[in-house]
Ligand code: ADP
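First, one chain by itself: the form predicted alone, in C-alpha cells.
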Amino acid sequence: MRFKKRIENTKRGYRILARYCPGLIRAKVLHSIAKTLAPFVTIWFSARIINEISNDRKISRLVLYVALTIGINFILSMVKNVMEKKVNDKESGMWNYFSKVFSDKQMEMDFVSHEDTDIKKQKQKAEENLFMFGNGLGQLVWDTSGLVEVFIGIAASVALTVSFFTSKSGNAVLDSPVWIGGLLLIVILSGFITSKLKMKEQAVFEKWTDSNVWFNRAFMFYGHELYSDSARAKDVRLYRQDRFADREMQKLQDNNEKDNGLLRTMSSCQSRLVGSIVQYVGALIKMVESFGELSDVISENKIYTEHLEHLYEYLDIPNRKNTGSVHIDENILKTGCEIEFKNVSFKYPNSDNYVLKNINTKLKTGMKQAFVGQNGAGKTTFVKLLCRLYDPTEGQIFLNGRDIREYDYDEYLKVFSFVFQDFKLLAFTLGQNIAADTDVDAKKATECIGKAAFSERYAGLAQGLDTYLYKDVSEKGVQISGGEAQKIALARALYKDSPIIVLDEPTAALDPIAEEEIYGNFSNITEDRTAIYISHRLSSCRFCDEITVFDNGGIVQKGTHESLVKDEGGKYAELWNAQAKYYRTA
C-alpha cells in the first residue's frame, strides 16, 4: 500500500474514532506528551544545575532550577495520571462503540444486501479482525501512544543534542562523521529488521485467518455466542452443551497451537532487538530508542492500515436502493392508501430462483385481507416488498397510483405498522417499547394495551408504563412470556397509528383463549385501517374481507372463506381440510 494511502486510511480511522469514541484519542495524546516530556525536562534542568554548581554557584538560580524541575514534573505527572484514568475509562467501553460502527452500517445498508453471501463474509471478516484480534481500529488506538511518544522523543532528543553535532570539540574522534554515520546505520538496520519481522508476522496472521474462516466462526460461537445468548440458556444447561463446547474449543486451540507458537517466537525476537540497540548505543540512548521505535511504528502502521482497508471496503458498500424524494401528503395518511402489485417478481441476490413470480393484487383502503399458504409460499417476502425492505426484481408496486420507489423512504414507512413473527422487544421500559420512543403518550399507550389484550398483566405491574422489560438494564425488570411479548408488539403497532397495519403470525405464541380474544376484537383493533393478516391457522382468517392464497411463489386463489372452502379442488380447501381434521371429534 502506498504511503499516501496509508496516511489517508489513518486519518479516516481517527475520524471514525472521534465520532464513536469522542475524547479517547485526545486523552491518549495528552497522556503520551506528558509521559514523554518528563525525562527530557529532568535532563535539561539537571544540565543547568550541574553547570551552575560548576561555575557561579548562585543559590537563587539553583533553587529556581530545582523548583522548576519539581514543579514542571509535578504538573506533567498530574496531567499523565488524569489522562490515564480517562483513557482507561474510554477504552473500557470502546468495544461497544466499535459494535455501533457495524450497527450503523447495518441500518443504512440496503436490507437485501443482508442476504448477500459475499457481503456476509465481508462483514464477518471485518468483525473478526476487529473483535477477535483488535486489528484495525483497535491497533490504531493502542499505537497512538507510540506514535506520539516517538515524534515527541525525536524532537526533544534532537533539540537537546543538536549543539553536540554542530559544534567542534577539538577531538578528532568525536568530530569525525564516521561514528555518527555508524549510529545512523544501526538505526536504519534496526528499522529494516523490525519491518521484516512485522511483515512476516502479518503474513502468518493473514494465512491463519484466511484459511481458518470456519475456525473463526466456530470460535465465536463456542467461545462466546453459546453462553451470551439467553435464549439458548435452558438448552445449554439441560443438555450440558457447555461440555461439548469445551471439547470443541480445545480441539480448535490444539489445531492452531503451532501458528500461535510461531507468532510468540517473532514477538520475542523483537524484544531482544531493542535490548541490543540499548546495550551498544548507550551514549545517545533516547535518540536511538526513538528512531528504533519510529521504525516499529511505521511497520505497525502498514499492518493496521491494511486491516482498516478491509473495514472501509465493508463500510463503503454502496446502497443501490432509490430512497425517493416525493413527499407523502399528510391527508393520504388520514384518508386512506391503496396499494397495487403489478406484475411483481422477486429473487434474492445471487439466486436464479424466483421467490415470487408475476404477482398482481390490490389492497384497498379499509379492507381486511388475509394471506395464507404453506411455508415458503412467498407470503413474508410479499410483505417485505410491501414495506420496501426489498425492491422488486421485476414489476412495480404502487401507492395511490405512484410507484413506491418515488416516495421519500422514511415518509413511506409511516404508512405502515408491522408485527413480524420474529419481532424484537428491547430492555427498555414498557412504555418506551410501545411508543418506540423515549417520549410516551401514557393515555394512548394504555388504550393500545387494552386493545392488544394485555390489560390483565399490565394491571399487576407496580410501575406501569415505567416497568423495565427483562433484567438486562434494571434489576427490577420483569420477565415476560412469548405470548405477552406478542401482545406488546401488537400494542406497539397500534400505537404508531398508521393507515395500514401488517400482522405476520401475530397470535402464534398465544393460547387459544387469548387468541380468540384478539380475533373477536379484531375489527375494533384495526378500526378503519387497511389490515394485512398473514397466518398458517386458516380458522383465524374467517373474519377477513378477502383471503389471498399463495403457492409456489404465486397467487393461486382469492375470495372469502366461504367461497374458497366450497372450491374443493382448490389449494385453500386442501389446507383447510388438512387442519380441520385435528379439531373434529371421533
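In this text, residue numbers run from 1 along the sequence as written. Quick caveat: nothing in here was measured; it's all calculated off a predicted structure.
There is also a form predicted in complex with adenosine-5'-diphosphate (ADP); it is not shown, and the following applies to it.
- Between the options Y348, Y412, Y458, F423, the residue in contact with adenosine-5'-diphosphate (ADP) in the predicted complex by a heavy atom within 4.5 angstroms is Y348.
- None of Q432, Q374, S474, N73 but one reaches within 4.5 angstroms of adenosine-5'-diphosphate (ADP) in the predicted complex through a heavy atom, and that residue is Q374.
- Residues G378, K384 and Y390 are all found to lie within 4.5 Å of adenosine-5'-diphosphate (ADP) in the predicted complex, as judged by heavy atom distances.
- Just one listed stretch, out of 348-356, 98-106, 490-498, 438-446, contacts adenosine-5'-diphosphate (ADP) in the predicted complex at the 4.5 Å heavy atom level, and that stretch is 348-356.
- Remark: D89 does not count among the residues lining adenosine-5'-diphosphate (ADP) in the predicted complex, judged by a heavy atom distance of 4.5 Å or less.
- When adenosine-5'-diphosphate (ADP) is considered in the predicted complex, E115 lines it closely, a heavy atom lying within 4.5 Å.
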